[in-house]
Ligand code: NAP
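This document opens with one chain alone, in structure tokens, the form predicted on its own.
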Amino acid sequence: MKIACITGASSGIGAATATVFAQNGYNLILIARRSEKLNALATELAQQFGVQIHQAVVDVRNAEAVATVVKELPDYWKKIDILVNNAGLASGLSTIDKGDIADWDVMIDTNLKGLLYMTRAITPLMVERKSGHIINIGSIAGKEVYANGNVYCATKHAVDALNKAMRIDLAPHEIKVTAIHPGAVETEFSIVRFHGDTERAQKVYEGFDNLVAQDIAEAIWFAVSRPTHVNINELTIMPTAQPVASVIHRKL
């Protein structure tokens, strides 16, 4: 059985992706910060689909912890076929002159450094085996810049650039690289962005049919299930009501 490693696996796109992979017979390495949610998901998937699951409660911002978790994997679990760099977040929404530096740090450390730490830890294993596929979860914010999105957009533009660079670096080793760039997806994203203000977060998704985590999980599965000679470089996925990042047609 193949192995998929998914970061940010305890909820949202990560949990939906874990479910799709389990349905398709993958054993899973699930990485997240929230142990209770991670345990619940792992138990459910193991019981429902009969797959093996290795859990790790890790903050991807911690380079040493990431490296240790990968280094200490049993030999079987080091044969990772798919890495889904899903862990990411937005924190705050303000103009650059009013930005909170703590918000900036957590976005840069999670969206950019965390992705790099995971990739650096796992790609040598793929290079050694001349096989693997990395999925980087970007955002429409990595393709466009919108008002008050400044630093979040910057981190996702960096993910877009890194995805292209990884594609070049890893092609000689027969490793695939794909970026998935979603538009408005209703997960915990806006709740985190607004620091737990659920009322404000709910308004983000009012009046239109937003994407859901399952939509993105299915796109990830499409990319990884292509034949060996096919690499999906990137997919940008939007709700029908959202033609560009800053325009949503709402039925209010």
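Owing to the predicted nature of the structure, the values given are computational and were not obtained by experimental measurement. Start at 1 and count along the sequence shown; that's the residue number.
Below: the form predicted together with the named molecule, not depicted.
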Q) Pick from 83-91, 125-133, 169-177, 97-105: which stretch has a heavy atom within 4.5 Å of the named molecule in the predicted complex? A) 83-91
Q | Contact assignment for the named molecule in the predicted complex, among 69, 219, 42, 185, heavy atom within 4.5 Å | A | 185
Q) Just one of 231, 11, 236, 19 has a heavy atom within 4.5 angstroms of the named molecule in the predicted complex, so which one? A) 11
(Q) Whether residue 163 contacts the named molecule in the predicted complex should be assessed with a 4.5 Å heavy atom distance threshold; does it? (A) no
(Q) Test of understanding: in the predicted complex, would residue 59 fall inside 4.5 Å of the named molecule by heavy atoms? (A) yes
Q: Determine whether any heavy atom of residue 189 comes within 4.5 Å of a heavy atom of the named molecule in the predicted complex, and answer yes or no.
A: yes
Q.
in the predicted complex, does residue 32 come within 4.5 Å of the named molecule, counting heavy atoms only?
A. yes
Q.
If you apply a 4.5 angstroms heavy atom cut-off, which residues in 133-152 are near the named molecule in the predicted complex?
A. 137, 138, 139, 152
